[in-house]
Structure formats: structure tokens, C-alpha cells
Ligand code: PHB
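Form predicted on its own, single chain, as C-alpha cells, below.
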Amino acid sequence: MAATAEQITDLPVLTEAHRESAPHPVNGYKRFEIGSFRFERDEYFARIQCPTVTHVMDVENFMRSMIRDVAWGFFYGWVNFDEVFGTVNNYDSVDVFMGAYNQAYKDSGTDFTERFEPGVLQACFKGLMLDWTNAGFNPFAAPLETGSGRGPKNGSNDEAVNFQRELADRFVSLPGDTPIRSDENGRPVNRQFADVDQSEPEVHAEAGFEGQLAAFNLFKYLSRSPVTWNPSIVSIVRSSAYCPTSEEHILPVDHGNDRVEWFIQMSDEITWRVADKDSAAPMSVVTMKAGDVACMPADIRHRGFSPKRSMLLVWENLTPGLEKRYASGELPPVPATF
């Protein structure tokens, strides 16, 4: 029976390990199974099968979405690979869904959701990415910066798949925390940020405050980002996190919020396509230019389009339990009403 969006809270958590097949005799890729889901690929497409339907995606689009789901630890809220397939982070479990947030699938009864223990699902998805990523293809990179992910099995790129986003515990440049990106630690300036000033601010601390006061050039830091659409965390103040990122081409996922988040456009331009979180119905198009600030409400999904590599600061509220307060209606989905 298809599980609807209203039924997912009653799903049991599946803890059995995932299953891998031997490499395909023709294209060389393994098939991966977990619960009722099966994932397989050929030279061009990824196929996702569940008890109600088989869904087909361009394999490069699928892998660019999957690597972010893996690297983000399923992120917060909804990670929609497209209008049909994706995951929902419940924090103590993860839902994998097919059409559960697409009105047409729900109306036809072909939506399906299954719940998994996060570590088991992460192991399946990570194994899939390690096997399906060919040499020369980096699913984190902009299309103009990497080779093709299509074709038969051809080596691997474990370094790209294992890339970890940088998460500061305090503030970048304070002693013991995330190092500044520089030539010395192998982070060259990106080709589209060649004009970004690389000088660092001077810090003159009063006696007794040495090592407690810090500053760094955020534009320099972002100009050396080796990946796209993968937010770092550069500062944490209680539950307030600054998560800047460099963006180019298309955000591979439609991110469905479980809380309000703020966007500050620091350079160039991003156009955001905004849709209803539950039905995928289009709602608006927002174009942000340098200096613009926008709020993404807690009841929408959004996907960004950046024609030139740009810098975006995402401001997140990490207060524990916040997602439940929004889901219950205790908090409105927007920060202010007029």
C-alpha cells in the first residue's frame, strides 16, 4: 500500500543492512538495494524502483543530488532530487520517498515512503556513490570544471566522494579551528573569482585578549571554495550559524525547509525557483543580486540558478526541536507578517 505524506509519522524504522549486487556484466556498475528500494544505473540513467513505481533520472543529475544528501548528512528537512524522489531528515530517522510530496502521485495512489535508520541509509548511499562515480567526474564541481559522469564503469574518484564540508566550532581563524583557505593548504583561487582581493584584515588585540579576537577575509575564503552548493559553517554563536557557499550552475536539489532560513547575496546573482513544499506547485521566482537579502519560509521548497559563480551567505537557526514547532503550527512559516 502506498504511504501518503500523512502516514509517514507511523512508519517503523528499518534497520537491516543494504544489499549490493555484483557489477553488471555490460556496464560494470553494481545495483544497490535497501528496504523496498532498488537503485541501478546504466551509461545515461539512474533507475529507482519501489513497490509502486520505477522512476528514471539523468545519472549526472542524480549523482549531483545524491552526493549532497550524503555530505550534508541528509541536511535538515526535505532533499528533493527532483519533483518525485527524495529524502526527509527526521533527525532520529530518515524517510526515503517516491512522489509523497507530488500531488499527482498522491492523487493516483502511487506515492511511497519508507523509513530508515540514518547510519544504515548513509552507508548505502555512500557505497552507491563510491561505485557509480567514475574517474574524472566530481559531482561536487560545476559542469565546466569536471568531466562526464556518463558512460560505462571507468575507475573511481573516491577523493571527491569523501570530501567533507568545513564546519567551524567557533569562528574561522581562531586558534584550533578551521584553517583559512590558501595556496599553502592547496586551495587555489577559483577561475571565476580571480579579481577577489586576497588580503587579510589586521587584528590588534588589547593585552590579555590575544587569541580571543579574530578576523578573516570571507570573500577570500569563498573565492577558494573547491566545490559548489555545499555550505561551510564559518561561525557559531549559540544556535546561530553562518553558512556561506559558492554557487555555480544549478542547485542539484530542491531543498524543502523545516524552518525559516535567510539568504544574503554577497556577489553576482542567483535566481530562485520557489514551490509549495507538499505539492511541488510553483509559487514564485526570486532573483537576488549582490546586497539583496531574502527569507525562505518554512513551508516551501527552493532551487537556485547561478549563471556565474557567486557568493551566498545562508544564515541558519540550529535551535533543537525548531522543526517540530514549525510542523505543529506553533510558529508561522514566515518570520513576519505585514
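The first residue of the shown sequence is 1; numbering continues from there. This one's a predicted model, so the numbers in the text were calculated from it and none came from an experiment.
What comes next is about the form predicted in complex with this ligand, which does not appear here.
Can you work out which of Arg309, His302, Arg64, Arg41 has a heavy atom no more than 4.5 Å from this ligand in the model of the complex? Result of the distance check: His302.
Pick from Ala142, Met129, Val88, Leu251: which has a non-hydrogen atom within 4.5 Å of this ligand in the model of the complex? That would be Leu251.
In the model of the complex, Phe263 touching this ligand (heavy atom, 4.5 Å): Residue-level check for Phe263: yes, a contact with this ligand.
In the model of the complex, does Trp229 have a heavy atom within 4.5 Å of this ligand? Contact with this ligand, yes.
Thr245: heavy atom within 4.5 Å of this ligand in the model of the complex? Yes.
Spell out, yes or no, whether the shortest heavy atom distance between Phe45 and this ligand in the model of the complex is within 4.5 Å. No, Phe45 stays farther than 4.5 Å from this ligand in the model of the complex.
Hey, of 89-97, 113-121, 72-80, 169-177, which bit sits against this ligand in the model of the complex at 4.5 Å between non-hydrogen atoms? Going through the listed ranges, the match is 72-80.
All of His255, Trp272 and Val314 within 4.5 Å of this ligand in the model of the complex, heavy atom check: All three within 4.5 Å in the model of the complex.
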